[in-house]
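Quick setup: one chain, the form predicted alone, written in structure tokens, and binding and motion questions come after.
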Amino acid sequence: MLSTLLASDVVAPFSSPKIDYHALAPELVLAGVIVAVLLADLFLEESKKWVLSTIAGFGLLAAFIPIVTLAVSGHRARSMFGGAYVVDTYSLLVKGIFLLAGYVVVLLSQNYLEEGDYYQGEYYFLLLSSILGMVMMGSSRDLVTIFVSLEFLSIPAYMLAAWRKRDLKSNEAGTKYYLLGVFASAVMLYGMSLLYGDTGTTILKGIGAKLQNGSMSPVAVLGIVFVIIGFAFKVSAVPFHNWAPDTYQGAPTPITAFLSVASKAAGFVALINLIYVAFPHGGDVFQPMIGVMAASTMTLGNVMALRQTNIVRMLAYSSISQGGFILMPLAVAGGKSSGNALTAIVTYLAVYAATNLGLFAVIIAVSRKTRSGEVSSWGGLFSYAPLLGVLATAFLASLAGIPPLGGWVAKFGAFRAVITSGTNWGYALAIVGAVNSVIAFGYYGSLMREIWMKPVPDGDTAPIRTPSSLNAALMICGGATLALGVVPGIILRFSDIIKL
């Protein structure tokens, strides 16, 4: 499958007046699964609600099958709805990341919901709806479809963040996420209206053609700035990050994992679509803005993470910092290193998804025993749960960028992109990134020390029993993290051929 997709050239999209149902199969299958979950929830008895997680999980895998068939068949880029929706190798790759990440989140959620006595039907309905919005975002090449996809993925996420409705922290998490999300959407929509007013089109390619003469009007410049601000909130970039720590800590842990990986990835995919298709000649506008955000996001995220004693808040600031590393290549997009930048971003998203989801799987497993989210509760983890201790260390080392795990490939790609840009701006970002990589090891290393060197806080060395769904998630994420580091060609060759 990989070799066939790699061999397929991404040519100019072939515009068809008809709907290509094969190209839309992932979205159609996912929509059918959402309906199936909703209907099953109406007729199943409470004792059989566990079936819903099975339907959701197999449904996500079923939606992945058309992506494989499109790749095997030598899929050619297809443009539908007047260029507003494009299915190409790039969109297939990011859709695959979303679907597989969603599948792991379902595995993380299964026992969490059953043991917490939460409503399962509504939960999986909202989760699948949000994933459908992300899948749609991968193919969106129009301001309207981008906005619809964003709201499709965001509105269910607002409700999922406040899922523990009897918990004040969960209510606070959902409220903050909702209020700041609505404000960011309004700013972004205003920017889109300015771009439409200046260019007379909502199609991204049309906007790019209108803005290529090098003399952008102040209206277009302001539109670009507002649109980037709107998506900067989605990826929790500084100074639009304030919602993330409280939301991550208050939301159910599987949803925190979902927001930190899949939701963040969708925001970056939207930024890629806009910068590479609509603003390829707007580097003078977006490059300094994104560069400053990348440097400040890395630095503030790492410094704040050093001060945290709660592991979820630590990972919230870690997620902010990792977003800064992903923004680094975007800051030099549009120049001679555009190809390297696109490869670096997609690679980073894939590696980060596997690593961070795996670490959250360990958090869920450990908290089943400790009933605590404090870093100190991980003391002596290796002594009574050696496999979890090794996996947690591997995921932390990957986030820190230590070979031979996947994180080093992601960070290497990001640094390569900014250095090969040949600009002083790129060199400065590389220096800031290198310093922050050292700082980040401070809190990743402190958690490793708790696992290996500190005593068990309460002396309870009873082994941790993990359900089969968590074991499956740990196996998938651990295998992917190791494979992407040992055999980086798996993802590097795959992402090198994508073009927009």
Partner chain sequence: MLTDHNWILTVGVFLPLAGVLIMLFIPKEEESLNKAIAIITAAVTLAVGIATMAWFKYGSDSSKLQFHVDVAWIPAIKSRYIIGLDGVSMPLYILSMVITLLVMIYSWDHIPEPGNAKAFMILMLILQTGMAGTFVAQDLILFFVFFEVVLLPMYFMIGVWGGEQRQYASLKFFLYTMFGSALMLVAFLALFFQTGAQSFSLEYLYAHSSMISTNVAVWIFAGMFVGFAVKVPMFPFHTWLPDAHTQAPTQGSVILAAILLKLGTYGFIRIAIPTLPQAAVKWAPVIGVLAVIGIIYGALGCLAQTDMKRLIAFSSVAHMGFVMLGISTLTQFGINAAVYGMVAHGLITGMLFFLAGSIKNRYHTLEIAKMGGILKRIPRLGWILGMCAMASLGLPGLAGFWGEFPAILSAYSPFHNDYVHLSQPLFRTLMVIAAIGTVLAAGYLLWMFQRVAFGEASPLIAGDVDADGNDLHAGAHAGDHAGDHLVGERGHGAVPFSVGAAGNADPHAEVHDVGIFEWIAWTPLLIGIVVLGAYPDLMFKVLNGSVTKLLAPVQALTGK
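Numbering follows the first chain given and starts at 1. Computed from a predicted structure; not experimentally measured.
There is also a form predicted together with the partner chain; it is not shown, and the following applies to it.
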Contact with the partner chain in the model of the complex, heavy atom within 4.5 Å, among 382, 233, 286, 163 goes to 382
Here the chain is shown alone; which of 292, 222, 419, 303 has a heavy atom within 4.5 Å of the partner chain in the model of the complex?
419
Looking at 85-93, 267-275, 315-323, 426-434, which one sits within 4.5 Å of the partner chain in the model of the complex if you count heavy atoms only?
426-434
In the model of the complex, do 119, 121 and 125 all put a heavy atom within 4.5 Å of the partner chain?
no
So in the model of the complex, is the partner chain close enough to residue 467 to count as touching (4.5 Å, heavy atoms)?
no
Is residue 64 a contact residue for the partner chain in the model of the complex, using a 4.5 Å heavy atom cut-off?
no
Can you work out whether residue 488 and the partner chain are in contact in the model of the complex, taking contact to mean some heavy atom pair no more than 4.5 Å apart?
yes
Given that the partner is absent here, does residue 339 sit within 4.5 Å of the partner chain in the model of the complex, heavy atoms only?
no
Can you name the residues of 233-257 that have a heavy atom within 4.5 Å of the partner chain in the model of the complex?
none
